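Before any questions on binding or motion, here is one chain by itself as structure tokens, the form predicted alone.
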Amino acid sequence: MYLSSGCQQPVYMAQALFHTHIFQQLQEELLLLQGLRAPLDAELQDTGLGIINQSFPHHAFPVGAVHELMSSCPEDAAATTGFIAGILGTLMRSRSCLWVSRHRNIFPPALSIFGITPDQVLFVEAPDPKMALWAIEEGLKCETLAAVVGEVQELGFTASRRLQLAVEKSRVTGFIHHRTGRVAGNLACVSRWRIKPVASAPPEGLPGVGFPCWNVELCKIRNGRPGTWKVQWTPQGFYVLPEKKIRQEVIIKKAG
């Protein structure tokens, strides 16, 4: 009996490794069909999102894909813009970005807080929604750009599919800031986010306003895990607040 079980154990281990390999291979093929291939070494840039990266396929922020970030009021829109700028600061270390909008609502010098030199950004003010979508799609086809930010109020599935197909060839990362108060429909983007501002925590012993702080909700992500986090911006980049610290702050506020 001892000899028999000892001989079978390596066989079981080999079968388990074989099944794991097959499963990983099928998962890679599925991700590839969905426009999410494994990032190359040159694309593996740490966006500073910390534990949020565990929610993404391959445990890295998906580059070469289109992300949708929704906002329904000016406060949420400002928080969303700040969050996008924080990620752009990492992606644009050696390349430029195209920023398409209908109206001038960005103060370029303020982007330097997020590590972006304003002259690295090409701002486009589109006269109408159709021209805005055209400029976004053409920008996403341009392989020399690091990313494209597009601010839109309406985006259908067909249009989002065109944007996703564009980046699958160029490997440019797209951020669609979807400003709408309507119920979100299905789009071809690989992820959907909602960013809301929360009260900042001033540095200990210092009066005034602290660093920007956001409630970051990853609503949907292909082959990933949605989640919600409290994220603060610091001079070193993103800082995901520990859950214990958040609970303690809530308890202190209730006690007060």
Partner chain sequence: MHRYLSIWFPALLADRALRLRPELKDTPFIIAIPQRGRLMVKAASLPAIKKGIVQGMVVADAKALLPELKLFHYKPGAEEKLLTRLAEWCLRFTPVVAVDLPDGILLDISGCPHLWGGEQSYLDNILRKLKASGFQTGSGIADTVGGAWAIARFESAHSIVAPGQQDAALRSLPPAALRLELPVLERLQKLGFSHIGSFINLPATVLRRRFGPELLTRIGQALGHLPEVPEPLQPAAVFREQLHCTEPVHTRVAIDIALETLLQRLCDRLQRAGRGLRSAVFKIDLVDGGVQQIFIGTNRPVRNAVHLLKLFEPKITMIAPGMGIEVFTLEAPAVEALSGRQEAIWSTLGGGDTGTELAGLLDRIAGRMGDTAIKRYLPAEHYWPERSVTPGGLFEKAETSWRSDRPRPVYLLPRPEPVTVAAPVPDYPPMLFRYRGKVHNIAKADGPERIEQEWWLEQNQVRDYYVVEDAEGARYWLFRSGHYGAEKPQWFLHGFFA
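Here the structure is a predicted model, which is why all the values come from computation and not from measurement. Positions refer to the first chain, counted from 1.
Omitted here: the form predicted in complex with its partner chain. The next part is about that form.
Open item on the list: Tell me which stretch of 185-193, 58-66, 220-228, 206-214 has a heavy atom within 4.5 angstroms of its partner chain in the predicted bound form.
Closed with: Within 4.5 Å of the partner lies stretch 206-214.
Open item on the list: Is residue 180 part of the interface with its partner chain in the predicted bound form - any heavy atom within 4.5 Å?
Closed with: Flag for residue 180 set to no.
- [ ] Please check if residue 162 has a heavy atom lying within 4.5 Å of any heavy atom of its partner chain in the predicted bound form.
- [x] Flag for residue 162 set to no.
Open item on the list: in the predicted bound form, is there a heavy atom of its partner chain that lies within 4.5 Å of any heavy atom of residue 173, even though the partner is absent here?
Closed with: Contact with its partner chain, no.
Task: is_contact(residue 105, its partner chain) in the predicted bound form, heavy atom dist at most 4.5 Å - done: So residue 105 counts as contacting its partner chain.
Task: Sequence-ordered list of residues in 93-115 near its partner chain in the predicted bound form, where near means a heavy atom within 4.5 Å - done: If the 4.5 Å heavy-atom criterion is applied to its partner chain in the predicted bound form, 93-115 yields 94, 95, 96, 98, 104, 105, 106, 107, 108, 109, 110, 112, 113, 114.
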